[in-house]
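Single chain ahead, by itself, as structure tokens, in the form predicted on its own.
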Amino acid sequence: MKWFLLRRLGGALFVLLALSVVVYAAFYVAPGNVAQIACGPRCSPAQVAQVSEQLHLGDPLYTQYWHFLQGLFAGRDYSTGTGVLHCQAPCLGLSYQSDQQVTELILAKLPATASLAVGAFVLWMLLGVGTGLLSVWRRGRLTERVLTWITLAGMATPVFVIGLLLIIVLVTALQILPFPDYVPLTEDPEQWAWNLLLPWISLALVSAAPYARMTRASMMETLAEDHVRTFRAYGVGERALVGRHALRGALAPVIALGALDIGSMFGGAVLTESLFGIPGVGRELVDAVKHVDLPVVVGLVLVTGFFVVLANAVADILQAMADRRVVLA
């Protein structure tokens, strides 16, 4: 297990380093005047020159990337025209729209997106795995067919459609839930959960469908294995076979899919946050792209990539704990 963890950690660090190279090359080693693009069309020549100096565009490419990488681990200094501003590590640069450190800006928006992602993740895992478990337990009956139809409908429906329908039914018509008005968890935990319930349900109804199908398929495959047939021959009940042996065998692919989804949620929250007015990183990314605020865009891409890599590393560990054969692979 120790060598398995070291290999996964080394692979994650390599992926993060490769991601930083690709992101830097995509945004800063671009054709045209990068300083003018980053500063914006209304910048004066003096402001463009200042941005060019901040980005070290006159240096060789490897030196420019080294300054960028150095800022992530040791921080860096930026000229403000009247003085020098120190950006502490991990430094992702300064926003050209607000002159705010990108790290501070992302940290201010991250709790809202994390609240949305984690709450929806827990809900869709419970719905998805529970639906798949029930489908296998009631296989061959009407319950299984109904659940299959519901799962297919959930996979075919976009999240904004479900969100709009829930707003019309639960908020406008029945007035069961309020329209989401994000409240930080530290201020009022009850209002935090109550106002995020509608976005959680919207994401969970869409995202639970693939988990239900994968759980059902994996459990049916496990139930067909020799050791399960042996247990059945010795008189082990069907509920024990499904709930203990088949479910345990189905966890590995479900965990892998869950890690990919929870990581990508941080980058794919644009529609949900815009629909429900949640002040998270998704809305911040839209604003940064609209104003061509390159440091914010680069910072958000790197942070999203970090969470994707982190989620997959955690998934590898959980898979190894659920199935020891993964360690030997």
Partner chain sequence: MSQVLPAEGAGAVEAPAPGAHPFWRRLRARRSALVAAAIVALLVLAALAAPLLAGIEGQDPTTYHPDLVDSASGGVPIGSFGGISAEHWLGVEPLTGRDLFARIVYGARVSLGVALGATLLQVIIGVGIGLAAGLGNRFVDQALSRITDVVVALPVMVTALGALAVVPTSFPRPVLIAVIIGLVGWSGTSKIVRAQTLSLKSRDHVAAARLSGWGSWQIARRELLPALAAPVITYAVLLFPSNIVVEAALSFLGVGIKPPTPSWGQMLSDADTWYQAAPTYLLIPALLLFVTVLALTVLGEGVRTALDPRAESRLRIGTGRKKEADA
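Since we're looking at a predicted model, the values are computed, not measured. Positions refer to the first chain, counted from 1. Each form is matched to the other, and the largest set of C-alpha atoms that superpose within 1.5 Å is called the rigid core.
Beyond the structure shown, there is the form predicted together with its partner chain, which is absent from this document and is the topic of what follows.
Within this chain, V206 lines the site of its partner chain in the predicted complex, having a heavy atom no more than 4.5 Å away.
Contact check for T186: no non-hydrogen atom falls within 4.5 Å of its partner chain in the predicted complex. Residue contact check for P111: none of its heavy atoms lie within 4.5 Å of its partner chain in the predicted complex. At a distance threshold of 4.5 angstroms between non-hydrogen atoms, W149 is in contact with its partner chain in the predicted complex. With the partner removed from view, the residue among L57, A49, V292, L69 that has a non-hydrogen atom within 4.5 Å of its partner chain in the predicted complex turns out to be V292.
The contact residue chosen from A240, A89, L107, V161 relative to its partner chain in the predicted complex is V161, the criterion being a non-hydrogen atom within 4.5 angstroms. Stretch 253 to 261 is the contacting one of 253 to 261, 231 to 239, 127 to 135, 191 to 199, since its residues have non-hydrogen atoms within 4.5 Å of its partner chain in the predicted complex.
Contact annotation for the candidate site: A25, A74 and Y182 all lie away from its partner chain in the predicted complex (no heavy atom within 4.5 Å). Along 213 to 238, a non-hydrogen atom within 4.5 Å of its partner chain in the predicted complex is carried by R213, M214, R216, A217, M220, E221, in order along the sequence.
Once you line up the core between this form and the one not shown, the Cα of D181 stays within less than 2 Å of where it was.
If you fit the rigid core between this form and the one not shown, you'll see the Cα of E104 move by less than 2 angstroms.
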